[in-house]
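Next up: a single chain in structure tokens, the form predicted on its own.
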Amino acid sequence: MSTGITPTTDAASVKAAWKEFIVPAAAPYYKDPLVLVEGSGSTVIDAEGHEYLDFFCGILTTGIGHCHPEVVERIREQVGRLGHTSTLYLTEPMVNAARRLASIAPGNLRKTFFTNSGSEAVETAIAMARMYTGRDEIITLRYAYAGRTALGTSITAMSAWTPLGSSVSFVKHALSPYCYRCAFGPPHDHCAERYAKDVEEVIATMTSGKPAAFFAETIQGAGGYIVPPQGYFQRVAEIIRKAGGLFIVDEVQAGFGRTGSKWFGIEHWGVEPDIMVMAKTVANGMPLGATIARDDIAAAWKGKTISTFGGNAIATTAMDATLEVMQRENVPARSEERGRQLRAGLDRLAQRFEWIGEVRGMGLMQALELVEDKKTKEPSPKKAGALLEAAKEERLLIGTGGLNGHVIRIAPQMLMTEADIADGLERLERACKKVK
């Protein structure tokens, strides 16, 4: 679909400059990359004037839509008054954002430290746990993704994202509770307990027996939206706390109503985390990460710390405005309702196309695992790439993930209408028909 807008950006020049000046590792999607110039709500427009329905919202970041007018206006007003101060000074936007976050956070999480990204939020959480417990070792999961810092890439457990390998020796990986590719095989009645027992075994065999924390995404994002079975997190929390460690959850992708009916993914498992990290949707696209902890854990950080840009007035204004809209619009309920619609449509596609091995996810965080054969479950990155390109032809933006790049990730903005979800499913079906 063309918008009729006269392009003001020369796409060819942008692509040429990208090849000349941007590191090749930071590669964009598509054989012919998109040059985006505008966004509003559920749609974006490229330099050639084509309009796309966004079913991936900037890797689950523009959670209430592109350029939400209330957020834009609040940012515009703040930019004209005060921008940068660092954490050496107090600002009202910073404390307002922290107060609003504490009002929706689970359990007794109250004290927030702001950073620039999810990677830094993870680093902060691990440092807190190590200082509070006086221990070093961290238990995490295979298929994890935790950012691009030295610690983040050590927690990450997918080789494509860790070209230098793990550089932090105190991080140990347990089996991911990946039910579609179960490590234990049938019967699956006790998978949660079996995977939790593996965490227990990792503690007993690969650590000193005195871990600082268990750290995991509530739904593994880049790993392909891997959802653990009910009961898994409950048992892991018991195991790590019995060993004297903390239970830390990563809500960078799953947080803020995305999973439906709850504000945070971990609430579906009824477990109160000791520390929680978040980013992306927290400020609807402004660079902001946050780590929130119990009072006693936050107080254990005895040395000095600072984040030059973390908690700046512009980003925290965006966060406060974003959360205000989310609360007013009740995004957990909206994600639940629209998520049911989206899941029903994806399930229909899985029944029609043999190469869709599984549909999984929660709320507006849904995935299609693509395979060559449903019996062997051989991953099909080729089909995932073909579907990504075909969806682009249908003016629909989706994402990929999984260890082999064979999982399609779908995550529309959480204020998306019923009509837009239906439209997106129709475009996706047309794209599926083009995949050979």
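Residue positions are given as counts along the sequence shown, with the first one as 1. The shown structure was predicted, so the numbers you read here are calculated from the model rather than taken from an experiment.
Heads up, the form predicted in complex with a small molecule isn't pictured, but that's what we're talking about next.
Contact with the small molecule in the model of the complex, defined as a heavy atom within 4.5 Å, holds for exactly one of T133, Q366, S117, T91, namely S117. Put simply, of V282, A97, A146, A293 only one has a heavy atom within 4.5 Å of the small molecule in the model of the complex, and it is A146.
If you check the small molecule in the model of the complex, you find no heavy atom from any of E137, I203 and I240 within 4.5 Å.
Stretch 247-255 is the answer when you ask which of 355-363, 247-255, 301-309, 176-184 has residues with heavy atoms within 4.5 Å of the small molecule in the model of the complex. Among heavy atoms of V122, some come within 4.5 Å of the small molecule in the model of the complex. Within this chain, D320 is remote from the site of the small molecule in the model of the complex, having no heavy atom within 4.5 Å.
Interface membership of D274, defined by any non-hydrogen atom within 4.5 Å of the small molecule in the model of the complex, is ruled out.
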